[in-house]
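Just the one chain here, the form predicted on its own, laid out as structure tokens.
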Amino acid sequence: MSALLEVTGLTVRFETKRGGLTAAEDVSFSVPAGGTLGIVGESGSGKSVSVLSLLGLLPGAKVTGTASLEGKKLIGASEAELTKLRGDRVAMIFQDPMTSLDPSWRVGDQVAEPLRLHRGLDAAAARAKATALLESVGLPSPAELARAYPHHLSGGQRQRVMIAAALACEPALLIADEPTTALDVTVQAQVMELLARLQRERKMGLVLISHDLGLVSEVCEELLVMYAGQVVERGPTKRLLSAPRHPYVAGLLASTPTLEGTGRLKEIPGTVPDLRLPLPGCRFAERCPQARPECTKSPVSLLDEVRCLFPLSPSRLSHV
């Protein structure tokens, strides 16, 4: 499959009153046409910043590297060029639909907006298409619901509205940033099943951003794990989850509850480093049970899909 989205050496830096902060550094990944990629990491790892920067949604950030969508340049593109792409060839679902939807606008009008903007449909045609989209994402009584305001809807319904709006122009790439964070477990499963079904039916590329390894493992073919602004490991989902090579990824898996687990979960000691401070070596070194003196001396590169001088082998995983 050809690359739909190609990102190489992406670095995102902010200047703050307390000094410069590099929120994402040397991030590279690709998404094939119709493929699925999960980006996983804890809060502040740089996963959302990396994707938002590609779409020009981080005012004030200094973004370097190269990125293209369907061969069109993203980093360095003008605001007018990005506006043509956003909502058309690439669409995004945000984690909090209550703040992403305009409370003063009817739901149907918000779903219809990208159709009028990018497809030139008149009000009646856009409204009819919006109603059909609301029905396609499993919302009951779509014509009636289209006349409602966001505060009339439940959290799950609002998220489905966001999905309908994102799919309005049949994008080639859909980005879902923590799409189930504010939802209960039952609704989370429904939303994820819906996203997976729509991705398959429409043959879209999908980038799913989450802090939950289990969640992305059900949908994504490839995984990319971030820590302290860097990619620490990437690869096919099944391989990465069954035999992680970076100690941080192994630690995440060891701290994740399972149906079979009965004992105390393992924890990763320590805290994430302050990205405003000099970090000469591996950023996970102070928390890593496998760390050696060499780990703190110089930057560690991503080699063979893992950023570690002493990557784990399958025989060592049980000791992490």
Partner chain sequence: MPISAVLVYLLVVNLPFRQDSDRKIATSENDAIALRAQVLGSGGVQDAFVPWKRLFSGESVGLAGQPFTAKDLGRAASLSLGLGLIALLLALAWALLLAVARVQLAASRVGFLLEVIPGLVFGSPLFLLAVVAALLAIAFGVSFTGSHLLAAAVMALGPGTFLGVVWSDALRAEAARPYFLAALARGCSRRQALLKHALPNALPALLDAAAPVASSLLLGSFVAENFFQLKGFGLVYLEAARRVDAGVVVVATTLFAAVLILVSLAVELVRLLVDPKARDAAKETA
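Not measured: the values here are computed from a predicted model. Numbering follows the first chain given and starts at 1.
Omitted from view is the form predicted together with its partner chain, to which the following refers.
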In terms of non-hydrogen atoms within 4.5 angstroms, which of the given stretches 184 to 192, 144 to 152, 205 to 213, 227 to 235 touches its partner chain in the predicted bound form? 144 to 152
Hey, in the predicted bound form, is M162 touching its partner chain, heavy atoms inside 4.5 Å? yes
In the predicted bound form, does V219 come within 4.5 Å of its partner chain, counting heavy atoms only? no
Closest heavy atom of P140 to its partner chain in the predicted bound form, within 4.5 Å or not? no
Could you tell me if V49 has a non-hydrogen atom within 4.5 Å of its partner chain in the predicted bound form? no
When its partner chain is placed as it is in the predicted bound form, are F14, D26 and S43 each within 4.5 Å of it, taking any non-hydrogen atom of the residue? no
Which residue, A33, L57, A61, A254, is the contact with its partner chain in the predicted bound form, using a 4.5 Å heavy atom cutoff? L57
Counting any non-hydrogen atom inside 4.5 Å, which residue from L117, A126, A172, A77 sits next to its partner chain in the predicted bound form? L117
Note that its partner chain is not shown here; using its position in the predicted bound form, name the residues of 67 to 88 with a heavy atom within 4.5 Å of it, in sequence order. T83, R86, G87
